[in-house]
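Only one chain comes next, encoded as C-alpha cells, the form predicted on its own.
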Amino acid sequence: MSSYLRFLVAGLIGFWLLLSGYWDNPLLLTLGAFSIALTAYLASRIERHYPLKSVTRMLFRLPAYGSWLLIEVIKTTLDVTKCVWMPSRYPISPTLDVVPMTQKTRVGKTIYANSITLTPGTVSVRFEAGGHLLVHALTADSMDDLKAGVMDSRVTAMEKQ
C-alpha cells in the first residue's frame, strides 16, 4: 500500500470516528470500515491509471491560488449583480468562445475549468482539441478577461516545479 493510500485510510478513519460519534455500535463500525475499504480500493484503482505524484506539489500552492480566486469570485459576483439589477446600464451580452489552455496535466486542466465555472457569469462547456476550452460567458468583458490569460497563467504556475 502506498503512503498516499495509508494517509487516505488513516484520515478517513479519523474523520469517520470524529463525525459519527458511535464507537460502540458493531453494525455502524462495520459499515464504516466497509465504506473506508471501498473508498481506498477505488482510490488505488484511480491512482494506478492516473498517478497523483504531481498533485502533492500543487496542494502546497493551492491556498495562494484559492485566495486569489476568492477575490476574483467576489469581483465577478459584483459585476453579475450589476448586470442583473441595472440591465440598461450594464447590458448582458452572452458569448460562447474558445479559450486557450496552457496546462499540461489533467489536474491542472481540471482546476482551470472548475475555476472558470466557479467564477459567476462564466461556465466551462467542454474541452476542445488542441488545448482549448469552450466557455460561455454572460458578458463580452468576462470573455475578454478570460482571454487575457491571467487565470490560465496562475493555474499553469501552480503546475510547475
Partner chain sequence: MELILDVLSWILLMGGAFFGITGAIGTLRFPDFYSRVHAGSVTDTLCALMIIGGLILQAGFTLVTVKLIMVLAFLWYTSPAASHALVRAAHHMGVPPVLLPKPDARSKTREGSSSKP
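What we label the rigid core is the largest C-alpha set whose atoms superpose within 1.5 Å from one form to the other. Computed from a prediction, not measured in an experiment: that's the story for all the values here. Positions refer to the first chain, counted from 1.
The same protein also exists as the form predicted in complex with the partner chain; that form is not shown, yet it is the one meant from here on.
With a 4.5 Å cutoff on heavy atoms, Thr102 does not count as touching the partner chain in the predicted bound form; it lies far away. Although the partner is absent here, Ala148 lies well away from the partner chain in the predicted bound form, with no heavy atom inside 4.5 Å. With a 4.5 Å cutoff on heavy atoms, Leu96 counts as touching the partner chain in the predicted bound form. Although the partner is absent here, Leu134 lies within 4.5 Å of the partner chain in the predicted bound form, judged by heavy atoms. Residues of 83-113 placing a heavy atom within 4.5 Å of the partner chain in the predicted bound form, in sequence order: Cys83, Val84, Trp85, Pro87, Ser88, Arg89, Pro91, Ile92, Ser93, Pro94, Thr95, Leu96. Once both forms are fitted on their rigid core, the CA atom of Leu12 lies 2 Å or more apart between the shown form and the other one.
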